[in-house]
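Just the one chain here, the form predicted alone, laid out as structure tokens.
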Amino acid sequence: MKLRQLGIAAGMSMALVAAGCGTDNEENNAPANDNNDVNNNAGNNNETEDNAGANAGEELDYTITGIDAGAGIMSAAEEALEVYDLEDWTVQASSDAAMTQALGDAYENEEPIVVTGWTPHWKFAAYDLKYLEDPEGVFGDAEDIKTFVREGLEDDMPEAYTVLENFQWSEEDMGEIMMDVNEGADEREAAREWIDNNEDLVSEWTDGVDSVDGEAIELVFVAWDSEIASTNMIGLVLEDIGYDVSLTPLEATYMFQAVAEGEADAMVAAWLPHTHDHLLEQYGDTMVDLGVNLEGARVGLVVPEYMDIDSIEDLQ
């Protein structure tokens, strides 16, 4: 019951819609009817470029669009505000879905926006985006996505334990499912198509594993597009060998807590060593680490390429 309640809460969080960021284009709409105005505007080009970050900040009401408040990337974004002296800026919590909606709306209108971003994520294939340089290293280097299971799973469900321990794929693999879902495919159907097209890889995970007879297993995940893809896919792999699989979306804190306390059986959605390090420190001693399932993930602040800023320092 406790896990179900947390799942309902996470579902409500997923339904949040990010507040729209209005823009003030009065300067763009001002008439320029004589040569002096044209010359003055041309003469101010360098100043405009130098103040690109400040101008974007004014248009965005100095707001970075984030995801769920419990995510490590949100803590890193808050830390970045302090490290880079961005005292006027705030990080607005929302959800993965709300963040990508806000990004898509801004991109369509070629408006400025700054979001918390990570790869793998379909938005980098859908839009021309860039990470803001992070010279102070607040967001750290590349990360790995890891699999954790509850204590005792190896004894209770050795077949599931083996599959989860063997599970490893690439950013390109995950991206295929994410793009299909973004283009309108059902999550399970997109995951099933990927499995059907990658039987050789899947067979490596299930090699030597016996079938089971309807044993119930609970997988938890953060409702990011990347983890929706991976959890639906591995859930189907477990179904194919006979498990009765339940998938429950939770905020990151509750995801770790559920596995650590045995409320859930496994997760394939732990981003380390940076994004979820605070949660690993809190719950890691009561979970079993099955290793990396995807290498080379990355997090940071992301903007569209058309914005004339390249570094977090430019937001000052």
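Everything numeric here is computed off the predicted structure, so don't read it as measured data. Numbers for residues come from their place in the sequence shown, where the first is 1.
Same protein, other form: the form predicted in complex with 1,1-dimethyl-prolinium (PBE), not shown, and the subject of what follows.
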All of Phe167, Ile228 and Ile234 with a heavy atom within 4.5 Å of 1,1-dimethyl-prolinium (PBE) in the model of the complex: no
In the model of the complex, the residue from Trp194, Trp118, Phe148, Trp122 that sits within 4.5 Å of 1,1-dimethyl-prolinium (PBE) by heavy atoms: Trp118
The unique member of Ile73, Ile217, Leu103, Ala190 whose heavy atoms fall within 4.5 Å of 1,1-dimethyl-prolinium (PBE) in the model of the complex: Ile73
Stretch in contact, per heavy atom within 4.5 angstroms of 1,1-dimethyl-prolinium (PBE) in the model of the complex, of 65 to 73, 281 to 289, 259 to 267, 243 to 251: 65 to 73
Contact of Trp224 with 1,1-dimethyl-prolinium (PBE) in the model of the complex (heavy atom, 4.5 Å): yes
Non-hydrogen atom contact Leu294 with 1,1-dimethyl-prolinium (PBE) in the model of the complex at 4.5 angstroms: no
Partner contact for Val302 in the model of the complex: 1,1-dimethyl-prolinium (PBE), 4.5 angstroms, heavy atom: no
Within 4.5 Å of 1,1-dimethyl-prolinium (PBE) in the model of the complex: residues from 244 to 280 (heavy atom criterion): Trp271, Thr275, His276
